[in-house]
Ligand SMILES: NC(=O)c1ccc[n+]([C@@H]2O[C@H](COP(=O)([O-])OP(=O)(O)OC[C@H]3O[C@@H](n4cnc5c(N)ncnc54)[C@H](O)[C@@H]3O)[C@@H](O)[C@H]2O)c1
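Presented below, as structure tokens, is a lone chain in the form predicted alone.
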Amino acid sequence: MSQLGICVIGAGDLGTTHAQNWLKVPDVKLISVADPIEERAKAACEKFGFENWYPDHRQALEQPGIHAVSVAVPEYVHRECSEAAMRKGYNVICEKPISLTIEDAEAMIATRDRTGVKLTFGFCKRFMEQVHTVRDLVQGGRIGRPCVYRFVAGWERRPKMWIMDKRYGGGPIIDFCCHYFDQWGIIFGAKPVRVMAAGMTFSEGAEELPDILPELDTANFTVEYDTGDIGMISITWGLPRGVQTAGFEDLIGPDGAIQVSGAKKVTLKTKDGEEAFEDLDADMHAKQLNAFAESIREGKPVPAGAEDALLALKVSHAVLESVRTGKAVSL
């Protein structure tokens, strides 16, 4: 196909990110955009040049000329919107995580297999030069193996309240940490085998979150890999609004350490001194969409497969199970 027709479902932050980055992909045409908040759908249509806007994704999918669909809506409707698009014969890029439940994720994969379309997920950090640099340093043996990837963050209760609700967004373990479960597999070149976690919910009954049924928002956990490497996260989304703490991100191994700074810098520290890798390319969204477009046009594998997305969700669920039971969970 010479020109790829695009539908975007969702006109919030991520929907507009998809729209503006689709415009950076060669030979695409923005066909339709949908959002139940009509003002957002109309604004996106006018800003990015879609042919039409709709308040309902089913209406948007009826527009002629569509080949690929971006699904950028809350997690609890990932399955509904993605399957509606796949049943129309459209290729789908759905934002991460794949869904809230294993059942929905497996159903989405089954629909992909029945329809024969392509299905990929928004693990955009795969396209950051920083992740590639860390992978090369680790797999090149620069800090020794096995090693430990550590991430610590203390953040306030999220302004998008639904994202903290176990019915709609799944909290940090499902919504956010899946990025790390995905990139750890790439960096270590390994599969997760065991999870151990402890956690709590700081935001239970918080006045900032009316009518929210909060999922676990605070946890400390490790994910062990079949290479012996370990991923470790200490995170909270449960601090009061306006309160945040300094965090850090690094890797430590028997021969050195790697400091991860922002999105564009990595510093290798060994007994021989320090080596900085700076100004790394962090323009990940356009690269992700371009890779998806190439997979459609040239029959290449999708950039982040559904099976990988399902595995990340299984790790999230293992963390939550370990917190509930106080026991290690094998994968």
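Just so it is clear, the structure is predicted and the values come from calculations on it, not from any experiment. The first residue of the sequence shown is number 1, and the count goes up from there.
Keep in mind the form predicted in complex with this ligand is missing from the figure; the text below concerns it.
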query	finding
This ligand: the contacting residue among 192, 256, 214, 74 in the predicted complex [heavy atom, 4.5 Å]	74
Listed residue that, although this ligand is not shown, lies within 4.5 Å of it in the predicted complex (heavy atoms), from 49, 65, 36, 262	36
Non-hydrogen atom within 4.5 Å of this ligand in the predicted complex for each of 83, 88 and 287	no
Heavy atom contact within 4.5 Å of this ligand in the predicted complex, the stretch among 248-256, 140-148, 223-231, 173-181	173-181
Close approach of residue 199 to this ligand in the predicted complex, 4.5 Å, heavy atom	no
Heavy atom of residue 14 within 4.5 Å of this ligand in the predicted complex	yes
4.5 angstroms heavy atom contact with this ligand in the predicted complex for residue 160	yes
Proximity of residue 122 to this ligand in the predicted complex, heavy atoms at 4.5 Å	yes
Members of 80-99 lying within 4.5 angstroms of this ligand, judged by heavy atom, in the predicted complex	81, 95, 96, 97
